[in-house]
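Below, in structure tokens: the form predicted alone, a single chain.
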Amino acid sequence: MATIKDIANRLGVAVSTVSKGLNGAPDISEDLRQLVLDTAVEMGYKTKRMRKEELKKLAILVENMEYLKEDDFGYDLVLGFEQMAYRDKWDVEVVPINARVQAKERYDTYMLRHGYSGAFVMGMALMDKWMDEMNRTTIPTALLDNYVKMNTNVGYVGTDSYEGMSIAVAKLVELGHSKIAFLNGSPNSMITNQRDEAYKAALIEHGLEFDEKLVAHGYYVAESAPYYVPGMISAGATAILCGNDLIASGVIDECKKRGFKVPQDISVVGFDDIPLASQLKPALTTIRQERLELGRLAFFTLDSLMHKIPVSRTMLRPEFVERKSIGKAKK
């Protein structure tokens, strides 16, 4: 477990400064205090008082999502949530779940048995048993990229896919692209369905026709690309939008294997801006989700629900990050 000295070394400040930040001393700035607290959470530090007291508990329930390494999509989501929870003296437990866990016990019973006051749920599929139970749960719950109607105990957190797709398509149209394909993830997902709708809306907005031959659903992994890229190119695609950056990395590799240059022949755009995106060759143009802020927003949403404020949807604006993987359409 990290010590005060470890935190001080990370930040390059005195041990006394860290101590003041952790204990709410009035003679340091609010920005520095928050920086100390955020770093303490990231490094796993807990005060002596926190270790002695029985804390209020929240859960982050994770399914179908990597979150343990800095390069993982879920890493910053967890960190942002924990940073906000720490400030309000909540203890947070990150719990991987799967279909077996859901089949064994009802969601509300599981939460009550473990003493959780609320949960941030990441990666749950539409067909999951607990997803159906979200319609009736009495437990305050913030869902990432999932939405439940008519239950004031459950709120949605995400990034505006419609705005992100619109910005990306607008940029590609500006570069002369009219045949813009879309390789999305698994259809058993609300965010997949949402991005399908966002893609179609963006085409209409920018005067382009929808072509079924330019759309496909694989999985949110690079290995999806070989199955669908050849057909998209055969259908005349000069640009391929992707459901996430992992798919986009596979698209770039598949284009290269087939003798197409990126972006000279095919432009490629991802979604998320995970660390991998800037390391690809060429560096990937993508639609950024600020995942640290999303994690913080999830806590804000959950805190509102726990205080009986019936939050429905809270969304962040996306950011279009232009790198080297897009260029003018090849005639």
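The first residue of the sequence shown is number 1, and the count goes up from there. Remember, it's a predicted structure, so these values are computed and weren't measured experimentally.
The form predicted in complex with a further copy of the same chain exists for this protein as well; it is not shown, and the discussion that follows is about that form.
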Worksheet item: Which one, 266, 60, 297, 36, lies within 4.5 Å of a further copy of the same chain in the predicted complex by heavy atoms?
Response: 297
Worksheet entry | Sole residue of 254, 160, 196, 91 within 4.5 Å of a further copy of the same chain in the predicted complex, by heavy atom | 160
Worksheet item: Among 144-152, 103-111, 172-180, 73-81, which stretch sits within 4.5 Å of a further copy of the same chain in the predicted complex, heavy atoms only?
Response: 144-152
Worksheet item: Looking at the partner-bound form in the predicted complex, is residue 310 within 4.5 Å of a further copy of the same chain by any heavy atom?
Response: yes
Worksheet entry | is_contact(residue 223, a further copy of the same chain) in the predicted complex, heavy atom dist at most 4.5 Å | no
Worksheet item: Any chance residue 205 has a heavy atom within 4.5 Å of a further copy of the same chain in the predicted complex?
Response: yes
Worksheet item: Should residue 314 be counted as a contact of a further copy of the same chain in the predicted complex, where contact means heavy atoms within 4.5 Å?
Response: yes
